[in-house]
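Presented below, as structure tokens, is a lone chain in the form predicted on its own.
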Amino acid sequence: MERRTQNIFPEYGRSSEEILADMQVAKSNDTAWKEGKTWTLQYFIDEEHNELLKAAQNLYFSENYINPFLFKSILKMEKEVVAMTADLLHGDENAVGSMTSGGTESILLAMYTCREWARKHRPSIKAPEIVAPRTIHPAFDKAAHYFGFSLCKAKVYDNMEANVDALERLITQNTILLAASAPSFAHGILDPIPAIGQLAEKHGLLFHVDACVGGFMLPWVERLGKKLPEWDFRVPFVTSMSCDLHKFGFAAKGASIVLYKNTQLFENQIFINTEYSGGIFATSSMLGTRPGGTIAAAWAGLQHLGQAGYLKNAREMLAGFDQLRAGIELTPELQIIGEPCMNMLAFFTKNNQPDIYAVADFMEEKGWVVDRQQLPPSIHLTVFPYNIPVIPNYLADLKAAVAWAKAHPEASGEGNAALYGLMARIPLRGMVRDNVRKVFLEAYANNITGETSGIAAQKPTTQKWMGWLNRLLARWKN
């Protein structure tokens, strides 16, 4: 086998100061999200809260929580975090669950648990199916791929809300679970959880509610006076939920919760191997080794903010959201999708005139980080505390972007507008999927440069992919 020609593993150790200096230089090239121009992924309140999370995490930095019985303090914190979350989501004294590394793991565990439950209680089902609206998070697709069941996706209404009749039409004798969102991440739309719960009761199915993004926001939205349909364990037929602490729980990443209505469901999540030569091996999550620090930081964050702190932050974010929404609605070419239930939305241009991706390109030129979406073509926004001061600037640039895109219709065939427009419009999903895979393979392959200054750069691959897509778009138009 050919030896690597570029040696980036230092022969001798380097000083802490030099290493940290290199990291600071590298980090300076990352997105400066604290400036407020990023509208996704960065859940942050203030430096005081962040310093507490770091201190709590560092206190348990070395603890390996693979065996919860060795670290009773971490087990106690995990149980208390689960209990606080269950209480927030109206679970009764029977509700039980565990912390996970993030929303994807929470969803994977819930789907695995559902499959194991069905093997015990519905052994005649050999090809299990799960039914969900097509707006459900891709983690459900991943679960289906990993665990060998089918995910059947139902059409949704134009407002991106789940269509209960369409869901029912997909239910067969192989269906074991229904799933819905509270709310959907892409559009901030709350699915009709009570009606889907009745559907689950009618057909004797389990029902999972994905509240990864809404679980630590919707309770405060309701307490601030907004009337919402019941969306959590208040709906009697909800059997499991996922809820991210590292989103609006403002915990350190990655931290999430998977909750079950009772222990009869939760026991199916526990994996046990009694034949391992190293002894009995048992885990309550997907992971073996689990970082105790993440659990400690989540517990500390909840203690620090308390209900009053969460309520205060929610009030401020909702006020900013109302300002943002009002500004978008004043632009006649723009339309918000559906009725958002919290501080996140998606909007598009009516009849895609002007092209929404051309609008997005203009906004990027102005320095904004833009979340382009498809099905339908749209832009996603979530309001965080650090966005609030720059909302007037965003709205001014958005108005200018719409005017520019109207004056330059040719822009829809250029730049990122063409890339994302292609993805949204052509049916060649397999070809796109193959090339996305190539992008990831190249990004993780051994294409490190010969630099030896601690953190090496990677060769750019996105431009090659964009070129391929643009050429395909040209052929498609012809």
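Computed from a predicted structure; not experimentally measured. Each residue number is its position in the shown sequence, starting from 1.
Although it is not shown, the form predicted in complex with a small molecule is what the next lines describe.
This chain appears without its partner; in the model of the complex, the one residue of 183, 91, 354, 249 with a heavy atom within 4.5 Å of the small molecule is 183. Checked against the small molecule in the model of the complex, the residues 192, 102, 128, 327 give one hit for a heavy atom within 4.5 Å, which is 102. Under a 4.5 angstroms non-hydrogen atom cutoff, the small molecule in the model of the complex has residue 107 among its neighbouring residues. In the model of the complex, residue 115 stays away from the small molecule, with no heavy atom inside 4.5 Å.
In the model of the complex, residue 398 stays away from the small molecule, with no heavy atom inside 4.5 Å. Residue contact check for residue 137: one or more of its heavy atoms lie within 4.5 Å of the small molecule in the model of the complex. Considering the small molecule in the model of the complex, the lone stretch of 383-391, 272-280, 166-174, 240-248 in range is 240-248 [heavy atom distance within 4.5 Å].
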